[in-house]
Ligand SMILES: Cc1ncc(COP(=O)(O)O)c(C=O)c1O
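What follows is a single chain, given as C-alpha cells, in the form predicted alone.
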C-alpha cells in the first residue's frame, strides 16, 4: 500500500528567489505609494500585454471587475444570462448592479454555458451574457457567443477567474468578450493575495472602470471631481507586486498544470464509470482544477470521504448551484428555476487537485486512491 500523502486542492507558491525579491522591494513600497503606485501600473501593463488587449484595470477582486463591467452597460431592470454552476459572485454582481440573473444550462462536455440553451433564453429584456470559463476551460463556442452577442446587441463578459493564460485559436482568455474579469485570490492559477483585473479593448469601458475604482472620480481632471457613483476597489502596491511575480511564472505554472492534467487523462481514459472534461486543445484550459463526471452508480459522497481519509482534497465545485442557493431563491421567490441538466451534472461531478506544487508521485497517488475508491464505494444501486 502506498504511503499516505497530503495533496491539497490549491497551494500558492513563491520560490526562494521570489521571496528575496519581495523582501528587497518592500522598502521601496514603504517609502512610496502604498496603493495604486508603480507596481499597480506595471502589473496592469504587463497583464494587458499578456492577454493581448489595450487595457487592463487592476481592482480589489474579480467581483469588483464584474460589477464595473455590468454597471458600464447599465443593466438595471434588465436580464443577464449566467450559468448556475459558478461562484456566487457572478450572479450577485448582476443583482447588486440592478439586474436580474437569468440562469441557463451548461454543456456536459465543457461545464461552460450551453450556447443553444442560451439562445432560447434571450428575450427583449436581455442585456448580455457572462460566460464563465469553468475550471479554466475556454468554451470552444466562444467565437460563436461573441458573434451572437454582436448580432443581437448584447454584451459578452468573460468571467475568466479560473483561466489566466488559457488560449484558443491564438487568443487568450480575457480577449474574446467586450470585457474579461480575472481573480487573483490565493486558490487561483496566479495570486496577488486578493485582487482582480478587468481587461478590454474598449476605451470607454476602460475609462469607466478606472473612474469606478476611484469612487467615480473624473480621472482626467486636475481637481477632485466626482462625476458618477463609484467605489473604492483599488489594488495595493503589495498585492500588485505579488501579482507581477506570479505573472512572471505563469507559463511554467501552466506547463506543470497541463502535464498533471495529461497524466490524469492517461490514467483514467479507459474507465467506463467516469467521463473526463478535457478540451481537444489542452492549451485552451489553465486546468485550475481537473473535473470529472462520475457514473450514477458511484456514491460521490463516500468517494470524497475515502479520498479525504487518504489525505487527498477534492471538491464538488459550486454545489448547490446558484438557482438553488437560499439568497437567489429569496430573490426569485415564486419564480421557480429548473435546470435539470445542470443539476444532474453537479450531482455527479468531482474536481481533482491540479496545481504546480503537486509532484508526479502525488498525481500517481491521487489516481491510485481514486480508482481504489471507485471500486470500493459504488452506490447501493450496484447491489440491486
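Everything numeric in this text was worked out from a predicted model, so none of it was measured. Residue numbers count along the first chain shown, from 1.
Omitted from view is the form predicted together with the ligand, to which the following refers.
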Taking heavy atoms only, is residue 195 within 4.5 angstroms of the ligand in the predicted bound form?
-> yes
Find out whether any non-hydrogen atom of residue 183 is located within 4.5 angstroms of the ligand in the predicted bound form, and reply yes or no.
-> yes
Distance check, residue 354 to the ligand in the predicted bound form, heavy atom within 4.5 Å | no
Look up in the predicted bound form whether residue 132 has a non-hydrogen atom within 4.5 angstroms of the ligand, and give yes or no.
-> yes
Within 4.5 Å of the ligand in the predicted bound form, heavy atom basis, the matching stretch of 249-257, 171-179, 99-107, 83-91 is 83-91
None of 188, 210, 244, 310 but one has a heavy atom within 4.5 Å of the ligand in the predicted bound form; the exception is 188
Given the ligand in the predicted bound form, answer whether the residues 111, 287 and 349 all have a heavy atom inside 4.5 Å of it.
-> no
Sequence order please: the residues of 139-167 with a heavy atom within 4.5 Å of the ligand in the predicted bound form.
-> 159, 161, 162
